[in-house]
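The chain below stands alone and is given in structure tokens; this is the form predicted alone.
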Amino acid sequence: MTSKERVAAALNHRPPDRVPIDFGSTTVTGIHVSCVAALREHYGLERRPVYVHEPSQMLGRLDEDLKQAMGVDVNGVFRRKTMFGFSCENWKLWRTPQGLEVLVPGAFETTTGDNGDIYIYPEGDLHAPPSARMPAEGYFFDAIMRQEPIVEEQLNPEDNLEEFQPIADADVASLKAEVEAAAAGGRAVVATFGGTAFGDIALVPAPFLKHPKGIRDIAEWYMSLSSRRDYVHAIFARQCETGIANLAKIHAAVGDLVDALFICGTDFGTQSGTFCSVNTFRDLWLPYYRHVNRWVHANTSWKTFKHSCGSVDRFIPSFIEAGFDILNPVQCSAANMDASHLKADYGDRIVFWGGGVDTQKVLPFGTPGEVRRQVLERCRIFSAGGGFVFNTIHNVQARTPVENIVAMIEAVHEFNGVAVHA
């Protein structure tokens, strides 16, 4: 099987010739730039600075030589603009607090505070208030809350829709070029077209806007799910309408070269519980998710990808009812998320994209042997009958030992019966 055929089989719950592997196709299946650099050195690849394609989490781009060394089966497609509102272009060198030289977009502009904290600016505008902060000696940026005082009678859902507008022709053209390039490599294509991230908490603070309006404080947003539910419905309804219109325009340009579409990254689970009740999910999110998924399945061949961290066992039946084909990151370390239970109860109805190894304890702090054992066990459980794409549980974090990352990759190849790279 080709990589594309392998992923297609898994997505259609058919056993592929081997477990397909994804790293780097989305902003929730990536690898921290420092770990990408370490992997390049381990595999003896050309020494050069790694591109930071997602500067908020400082995710590194996996170039073709590294994808081949790792055996990656998926290519990712992203919108032109990053979380901070500037495009990935005009690359320049930047040194991380740990001294690693990386390549960042030209509009990646920072200042350093007296305590060593690093501040980054929306659209690279140093005259605007900074929208995120990297602590001194930190590894990624945390959004800064820039909530204006709320006057209830002046709240307008339009203020929370600044980032959800009709897509520009230039962006469609850019996505078309990216999709065609990704598909030409023989791998499956996962695309993040944007516009359907209903309540994704990473977007609520709007680090890409110079002066965000509306409800932009994370705590205020969560409280609004209960106290201002009509306001949230109004946002989601308009977003849904615009998002589908944008998808129609994009599909007209890219056709069915895309295998899976990243719909939304809103988290519903914590380590031990949930952010809301199932009833709240079914009232606030289910109607809009269902509408988007129905449009995608009626008009394209794309599969739909839902990301939610944490203990989401109780939501999975509703995810399936909403029409999602794929669940990520499959956080088996959270409550009620045992791998065997998930596969037995839901494995014939939803694809598990992730869950391959724990990135909170085992991968960063375990031994290579412990990593190998968990990877082999997760592959055995999740791969039965198809419906599984290997990835870690969310992104590979900074300071993860490269020998553990390599042990993970080699374990997947061992399970697949593929010769391990030196």
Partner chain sequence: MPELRELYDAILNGDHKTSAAVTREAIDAGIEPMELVSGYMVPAMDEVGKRFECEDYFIPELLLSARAMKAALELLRPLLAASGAKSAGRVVIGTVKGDLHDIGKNIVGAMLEGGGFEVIDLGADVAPQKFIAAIKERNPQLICLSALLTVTMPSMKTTIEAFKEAGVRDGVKVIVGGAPVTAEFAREIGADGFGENATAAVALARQLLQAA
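Positions refer to the first chain, counted from 1. In this text the structure is predicted, and so the values were computed from the model without any measurement.
Separately, the form predicted in complex with its partner chain exists; it is not shown, and the next lines address it.
- At the 4.5 Å threshold, heavy atoms of Phe140 reach its partner chain in the predicted complex.
- At least one heavy atom of Arg133 is located within 4.5 Å of its partner chain in the predicted complex.
- When its partner chain is considered in the predicted complex, Ala398 lines it closely, a heavy atom lying within 4.5 Å.
- Proximity of Arg314 to its partner chain in the predicted complex falls within the 4.5 Å heavy atom cutoff.
- The contact with its partner chain in the predicted complex, taken as any heavy atom within 4.5 Å, belongs to Leu225 out of Leu225, Leu155, Ile118, Leu103.
- In terms of contact with its partner chain in the predicted complex, the residue from Asn299, Ser277, Thr112, Ser340 that brings a heavy atom within 4.5 Å is Ser277.
- Contact with its partner chain in the predicted complex holds for none of Gln165, Tyr231 and Gln239, as no heavy atom of theirs lies within 4.5 Å.
- Proximity to its partner chain in the predicted complex, taken as heavy atoms within 4.5 Å, picks out 352 to 360 from the listed stretches 62 to 70, 352 to 360, 375 to 383, 38 to 46.
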